[in-house]
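Shown here is one chain on its own, the form predicted alone, set out as C-alpha cells.
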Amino acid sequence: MIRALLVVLFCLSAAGPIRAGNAELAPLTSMPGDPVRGRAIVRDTGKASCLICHAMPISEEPDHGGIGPPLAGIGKRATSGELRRRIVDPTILDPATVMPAYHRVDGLHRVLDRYRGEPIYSAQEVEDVVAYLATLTDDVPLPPPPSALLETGAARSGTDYLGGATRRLQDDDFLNPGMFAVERGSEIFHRVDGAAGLSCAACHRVAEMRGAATRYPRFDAGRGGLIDLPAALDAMRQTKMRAAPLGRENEDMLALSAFIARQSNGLARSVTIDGPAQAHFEAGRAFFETRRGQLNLSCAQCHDALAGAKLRGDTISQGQIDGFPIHRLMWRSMASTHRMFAWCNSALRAEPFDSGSPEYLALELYLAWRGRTLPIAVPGVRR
C-alpha cells in the first residue's frame, strides 16, 4: 500500500485526495481536460492509440482492437477518478495487465533513449483523454472481441493468422516474392567463391541439406555459445572456402539461408536444449517472459495470452518462426528472425539488441523449441 501510494504521488503534478478503496486518482493538472483533444489523442497511433486494443464508438476508424473491453458506455460505468487511475498506471490494479502505464516512467526495462524518462501521455493529455472517455455514456452496440484462434497449448504457424490475400501469395510458389531469394540462394550455393576455389556444392549435395535447418540454433563448443544457421554458413565460408563472410543481414546470406532452410520444409525442428545449451534455453525463456520498453510488455503477454485477438487490423499470432527467413511485404525484402525481434522490441519502444547477439540467439532457441511440432515452411510471407 505504501509503495502504491509513493507511485501515485510521483505521478501527480498537483496534490489531491486519493480514494484507494475504489482506485480513484485526483486530477493531474489544474486545467480541466478537453474532450475534443482527448478524442484526437485516442485516435493518434503515435500516442499508442486506445483503438489498438479497444473497440470505441468512433465510426470513421475502420479497425478497432479486441484485446481490451469495448469502451462504449465507459463514462457511465466508471468515474473520472477511476478512468484516470487506469490510464496513469493500471499495474497498480492488476500487475499482469497488458495495458501500458500511460503516465508512469519509473520501473521500466530497456526503454529506447528517445522515450526514456518521458511518459506516453503528458499530465494534460491524461486529463484530455479522461474528459473524452467521460462523455461515452451511451451503450452503443459494438462488435465483440473476436475469440482466440487457437486452443491453449496448441502450436500454430504464423500462416494461420494471415489474411486471405497474403495466404494465397505465400502458398503459390509462382507468386511468393520470397522465391526470388530462394532461387538466388541456389545460385550462391553452386557458385565458386574464395581463395580455395570451392562452392558449397563442391562439398555438399543439395539433398544432404534436408534436415540441416532443423538443428539450429545449437551450442557450439568452439565458440562457447549458440550458433545459428547464418553464423554456421559464414564459418564454413571462411574456413573451408576461404571466402569473405556474407554477414548476418546481407541479402545474399538471407537468400542462401532461405534456400538451405527450404530443403527442410515439412520437417519439424529438433533443437537441443539440455547440456551446455540449457542455460541459453532458460535465458531465451526469460527473455520471452520479461516486460520491456515504454509500453512495458513481454513477448509472452501478446504471443501466448492474446494470440488470435485483434490488434486493430492485425491478428496477433503466436510469434512462431517456422517460416523464417520470410519475405515481409512492408519492408519489400527478406527478413531474418533477429530483424523481426529487433523490430518488435522497437515497437514496444524498447532498446533492441544487435542481430546475432547472445540474447536473440537464446530467444531463437527458445522459440524453435516452442514451435517444435510445426513443420518448417520457408519462405513465409508476412505483412
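Values in this document were obtained by computation on a predicted structure and should not be read as measured data. Just count from 1 along the sequence shown to find any residue number.
The next section is about a form of this same protein that is not shown, the form predicted in complex with heme C (HEC).
Undergrad: Tell me, please, which stretch of 108 to 116, 171 to 179, 208 to 216, 269 to 277 lies within 4.5 angstroms of heme C (HEC) in the predicted complex when heavy atoms are compared?
TA: Answer to the contact question: 208 to 216.
Undergrad: Given that heme C (HEC) is not shown alongside this chain, does Ser298 nevertheless sit within 4.5 Å of it in the predicted complex, heavy atom to heavy atom?
TA: Yes - in the predicted complex, heavy atoms of Ser298 and heme C (HEC) come within 4.5 Å of each other.
Undergrad: Is there a non-hydrogen atom of Trp331 within 4.5 angstroms of a non-hydrogen atom of heme C (HEC) in the predicted complex?
TA: Judged by the heavy-atom cut-off of 4.5 Å, Trp331 is well away from heme C (HEC) in the predicted complex.
Undergrad: Although heme C (HEC) is absent from this view, report whether Gly319 comes within 4.5 Å of it in the predicted complex, heavy atoms only.
TA: Close contact exists here: in the predicted complex, Gly319 approaches heme C (HEC) to within 4.5 Å, heavy atoms only.
Undergrad: Is it the case that Cys344, even though its partner is missing from this view, gets within 4.5 Å of heme C (HEC) in the predicted complex, heavy atoms only?
TA: Contact check for Cys344: yes, within 4.5 Å of heme C (HEC) in the predicted complex.
Undergrad: Only one of Thr135, Asn265, Ser199, Thr166 gets a heavy atom within 4.5 Å of heme C (HEC) in the predicted complex. Which one?
TA: Checked against the cut-off, the match is Ser199.
Undergrad: So heme C (HEC) isn't shown here. In the predicted complex, which residue out of Ala155, Val192, Met236, Ala286 has a non-hydrogen atom within 4.5 Å of it?
TA: By the 4.5 Å heavy-atom cutoff, the listed residue in contact is Met236.
Undergrad: Check for me whether heme C (HEC), as it appears in the predicted complex, comes within 4.5 angstroms of all of Leu71, Lys240 and Asp314 - heavy atoms only.
TA: Yes.
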